[in-house]
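Take a look at this single chain, the form predicted alone, given in C-alpha cells.
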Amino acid sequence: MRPDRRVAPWLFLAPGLVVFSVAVLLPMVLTVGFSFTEWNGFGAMTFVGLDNYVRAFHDTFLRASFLHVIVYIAATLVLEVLVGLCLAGLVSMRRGRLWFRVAIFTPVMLPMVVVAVLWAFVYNPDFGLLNGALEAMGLAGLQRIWLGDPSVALLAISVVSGWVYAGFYMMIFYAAFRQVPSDIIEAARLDGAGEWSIFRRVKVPMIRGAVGVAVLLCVTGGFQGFDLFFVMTNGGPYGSTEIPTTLLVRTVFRHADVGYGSAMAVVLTAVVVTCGLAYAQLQVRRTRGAAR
C-alpha cells in the first residue's frame, strides 16, 4: 500500500484505537449508563434517573471521603513534591551521587501492596519498629496505635506515600535541574551566591514547568489513590481514612449497589478532570502573564 493513501495512517492506528475503545471508552460509557439505574450487578436494572446523583450530593460519607483525600493530597504535596524537590537540589549540588539517587528511587519500584504490608509491620503497636524506636529513645509517651487511632491514621498513610513517591519526584526535578544552563549557575557562583541561594533563586524558578507538572500529578494521583488505603486500613478506623475510591469499591462489591457506585465514579472522574483543566488553565494564564 502506498503511504500517500489517506487510509494508511488509520490502518496503523486501528489496533490501538480498538484496544483503547474496548478497555477505556466502553467501560466509561457503561459506567455513565449504570449511574442512572438501580442495579445489584445480577438482576434486572431499574431506571432511576438522577436519583443516584442526588443521593451522592447528600451523602455525608462521600463528602467526608473527599475531605480526607484533600487532606491527604495536601500532606503529599509536602511529603512527596516538596521533599522530592529538596532531595533533587541536594543531589544536583554534588557529583557522583548515583547510589543516593538509586536508594531514594528504589521504593517507587516496589509494588504498593508490598509497601503497605511492610509499613503495617512498622506501625504495629505491639512489635512495630516505630514504637520500638520511640521506646528505645525514651519517648514512650509518643507511642500510638498508628493505624488504629483516628487522629493519626491518615497522616501515617501520608507518610508512607511520601516515602514511596518522594524519589519519583526527585528524579523528575533532578532531570529538570540538569537542563538548567551551567553558565547561569557559574555566573551566580562568581557573584558570590551560595548553593542554597542558587537552588532557591536560580534553579527552582527555571524549572517552574516541571514543578507544575509534579503538582498536577500529585493532585490527580491523590484522588486515584486506593491500594495503600485498602491494604493498610480499608477506610478505618471509624472511617477516618475513607477516601472516594475505597468507599466506591465497598459500595459496589460489598453492598452490591452498582448504580450508586457508578454515580460515585462519575462524580470522582468529573472532580479529577475539573481539577486538571483548572490547573492547566491557570498555568496558561501564568505563562501569558510572564510573556507580557
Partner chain sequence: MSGARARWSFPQLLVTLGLLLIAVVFFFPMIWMVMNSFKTNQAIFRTPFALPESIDFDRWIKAWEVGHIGQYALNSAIVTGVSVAAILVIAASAAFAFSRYRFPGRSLALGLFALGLLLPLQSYFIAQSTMFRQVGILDTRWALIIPYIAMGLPLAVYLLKVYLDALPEELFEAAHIDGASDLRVFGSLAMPLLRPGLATVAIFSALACWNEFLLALLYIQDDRLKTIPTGLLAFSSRYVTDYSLLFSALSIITIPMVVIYVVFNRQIVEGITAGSVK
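Numbering follows the first chain given and starts at 1. What we label the rigid core is the largest C-alpha set whose atoms superpose within 1.5 Å from one form to the other. None of the values given here were measured: they were computed from a predicted structure.
Just so you know, the form predicted in complex with its partner chain exists too; it's not on screen, but the next bit is about it.
- Contact annotation for Thr269: at least one heavy atom lies within 4.5 Å of its partner chain in the model of the complex.
- Mapping the unseen interface onto this chain, Trp39 counts among the residues with a heavy atom inside 4.5 Å of its partner chain in the model of the complex.
- Using a 4.5 Å cutoff between non-hydrogen atoms, Ala74 does not count as a contact of its partner chain in the model of the complex.
- With a 4.5 Å cutoff on heavy atoms, Phe168 counts as touching its partner chain in the model of the complex.
- Note on the partner interface in the model of the complex: the residue among Leu118, Ala188, Val152, Val215 having a heavy atom within 4.5 angstroms of its partner chain is Leu118.
- Taking its partner chain as positioned in the model of the complex, the residues of 204 to 240 that bring a heavy atom within 4.5 Å of it are, in sequence order, Val213, Leu217, Phe223, Gln224, Phe226, Asp227, Phe230, Val231.
- The Cα shift for Ala278 between this form and the one not shown, taken after rigid core superposition, is 2 angstroms or larger.
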